[in-house]
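In structure tokens, the next block holds one chain alone, the form predicted on its own.
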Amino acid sequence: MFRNQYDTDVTTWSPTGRLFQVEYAMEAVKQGSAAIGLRSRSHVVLASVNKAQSELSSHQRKIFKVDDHIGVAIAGLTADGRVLSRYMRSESINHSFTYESPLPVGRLVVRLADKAQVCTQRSWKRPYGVGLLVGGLDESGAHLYYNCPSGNYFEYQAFAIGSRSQAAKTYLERRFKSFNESSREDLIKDAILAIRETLQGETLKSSLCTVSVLGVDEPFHFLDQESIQKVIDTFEKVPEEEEDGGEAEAEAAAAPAEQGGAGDQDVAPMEM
């Protein structure tokens, strides 16, 4: 990305048919902390990386509750994400008050996309620099959508956005065929494993990620740190046990060799 004469205004087209301001907003999404979403027939799991600006500061929240049946995870400018999550919450409350029924997830996503698209054709506005993973459950089942700063939206079985999200996408692409029939616990485990892929060597701890769940007869809520750590322990301790077993076998194999070596000390070496 570099500055040129066609990126000073969001309504200015380049000769190649590009809107650079929109592309810059999409680039801001790639620079944000990773966020991941997965869905099955009955549940949706949203997860995000807790990344602080410095060791002296706390991390900013990346997952927000919209309603009991809708949640959103963001990557990019957190301030823009807060504004849009507040808008979504307002739309959901107004719909519930007017129609006395929960707002369908798809309808909310369309309204959100329309709001983002307006910012791409007004010279006095700028695109929202945030990507949103909207997960929800309605009469037609569980849904997971990605809303782009350009105003586009797509429905996914599983998706990852933000910094180093490609590694998480690779993991999800290997596993997504089983997600539709996955249980709640398996979805949570896969979400945490996908988060681990984005850390690239950094040790995964419960303090480094936030996980939320919603499903049939289960309103949107966050998992506590203890529950997340228990899931992490199920796959983080297995390699250690295998290593311990391997070391024990190596020691057992070395013991007879040492005994044999001790018995041969009085034997004259063979001439070569």
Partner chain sequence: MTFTIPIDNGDALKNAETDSQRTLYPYVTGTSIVAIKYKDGVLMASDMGGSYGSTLRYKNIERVKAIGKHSLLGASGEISDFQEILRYLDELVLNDNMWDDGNSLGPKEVHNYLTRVMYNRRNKFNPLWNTLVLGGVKNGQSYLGMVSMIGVSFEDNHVATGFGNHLARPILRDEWHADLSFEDGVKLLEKCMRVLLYRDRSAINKLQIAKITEEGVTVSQPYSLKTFWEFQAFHNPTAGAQGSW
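Numbering follows the first chain given and starts at 1. A quick note: this is a predicted structure, and the numbers were derived from the prediction, not measured.
There is also a form predicted in complex with its partner chain; it is not shown, and the following applies to it.
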Hey, of 125-133, 107-115, 67-75, 156-164, which bit sits against its partner chain in the model of the complex at 4.5 Å between non-hydrogen atoms? 107-115
Might Glu139 be said to contact its partner chain in the model of the complex, defining contact as any heavy atom within 4.5 Å? yes
Could you confirm whether Gln200 comes within 4.5 Å of its partner chain in the model of the complex, counting heavy atoms only? no
Taking 4.5 angstroms as the cut-off for heavy atoms, does Ser101 touch its partner chain in the model of the complex? yes
